[in-house]
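Read the single chain below, which is given as structure tokens and is the form predicted on its own.
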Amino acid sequence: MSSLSLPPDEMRALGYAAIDLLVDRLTALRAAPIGRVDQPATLDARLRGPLPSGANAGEVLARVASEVFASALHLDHPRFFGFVPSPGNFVSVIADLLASGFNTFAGTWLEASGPATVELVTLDWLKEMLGLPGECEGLFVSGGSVANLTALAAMRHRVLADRLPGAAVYVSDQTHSSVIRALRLLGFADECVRVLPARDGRMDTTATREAIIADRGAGRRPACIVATAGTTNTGAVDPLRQLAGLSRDYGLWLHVDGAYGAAARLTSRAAVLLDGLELADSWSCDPHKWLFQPYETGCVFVRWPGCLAETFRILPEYLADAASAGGEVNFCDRGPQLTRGFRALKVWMSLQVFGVDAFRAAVDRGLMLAELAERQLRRVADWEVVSPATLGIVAFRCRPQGWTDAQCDVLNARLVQDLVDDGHGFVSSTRIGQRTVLRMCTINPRASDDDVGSTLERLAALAALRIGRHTAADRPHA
């Protein structure tokens, strides 16, 4: 037996123990605290040590559970409402286990024809779910950052022939940071990127048009508009149909970063907000967000068949055996990765097991929970809704009577850590209109009405403690 193998009975025992650990965790998740954040010194003392010489696999698994995963926030917890959670689902967890266990190389048809077919089928299903044109093609990637990078690389090649001098790309001040990072990686200098002020959280079509006209007049090369379908701050959706018309008028590529919000196209209630999504030239979407997959599950789509291969395909002599002979798809030709795992399996299996209607209902529930949170916030004194519930996100702020904006900024920032220390739930903070605000993202289908209500009540109680201490400190001493 190889020195890197376990006997069959030990493999089964380890596997059963791991599955029991996962099932027990999910069963007890609602009653458990939100998680724990430890200090570096504490974790170093616990986890650092000399290079290992070997140990019992069961003991190592127990240590992982008690010493590694214990020092983390549970992003699939029903009261984790910060950032954009990844709720996951158990079927997809098993799919990840299988994809890892079979060690599938999903880069070429030669090495994974069945998995490649599953990826193609799943991409077609996602196109239908998002209402994208049938001719577009895509691939699975790690997440929105690589999806945006891949789409913008295709834009650079098709629109600019990879020549960047004088190029201009238009974004709003609400565009995700991954877009700016992608443009830098692709060689676009900061002066090539026009960051335009958003209006009510949405890209301003008039300002975009004026910037394009001004750049043309100055001899620059307007190339691309990046719109957002579901901003991280407020869930806002840029005016997609108007931006698509603007792109056509001036011959620009329109990329839609739908990493967060594109999946809401599944529901009739949100579809109107995403009107015009199908008119873009490329799209990003993260199934590990609102389609409830484990990390890392992102997707990129490009309208123009063959565009991705034109951008990325390189055929060295050592890949001659895997070259496509006609009809086969080598996904390594569509993006930056040659070595890539079988990410599509988890989406394929969970759709097969639960069906699309279950996903539609779960997305719809996320929309309703944000509206519930907004209603509750509007009934509580000293709290204000800064941005109403949009695509499952509501932004709000504790604003005690008589407090200055600066004092409120400090208060709201501290409430995030207070809630973490309390252990009941989690919300994150951001800046809107130069003010620090709190935000809830309610996309987890495990979350109940009570989870939303009790988290807001606990947050209000923690705020009351800070307000009381502040008031007491202001009192004159006898």
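Note that residue numbering begins at 1 and tracks the sequence as displayed. Just so it is clear, the model here is predicted, and its values are computed rather than measured.
In what follows, reference is made to the form predicted together with a small molecule, a form of this protein that is not presented.
Of the candidates 228, 208, 282, 150, 228 is the one whose heavy atoms come within 4.5 Å of the small molecule in the predicted bound form; the others do not. Note on the partner interface in the predicted bound form: the residue among 340, 127, 176, 265 having a heavy atom within 4.5 angstroms of the small molecule is 176. Interface residue remark: residue 389 is not counted as part of the site for the small molecule in the predicted bound form, having no heavy atom within 4.5 Å.
In the predicted bound form, none of the heavy atoms of residue 238 sits within 4.5 Å of a heavy atom of the small molecule. Taking non-hydrogen atoms only, residue 89 never approaches the small molecule to within 4.5 angstroms in the predicted bound form.
At least one heavy atom of residue 144 is located within 4.5 Å of the small molecule in the predicted bound form. In short, of 283-291, 398-406, 213-221, 106-114 it is 283-291 that has heavy atoms within 4.5 Å of the small molecule in the predicted bound form.
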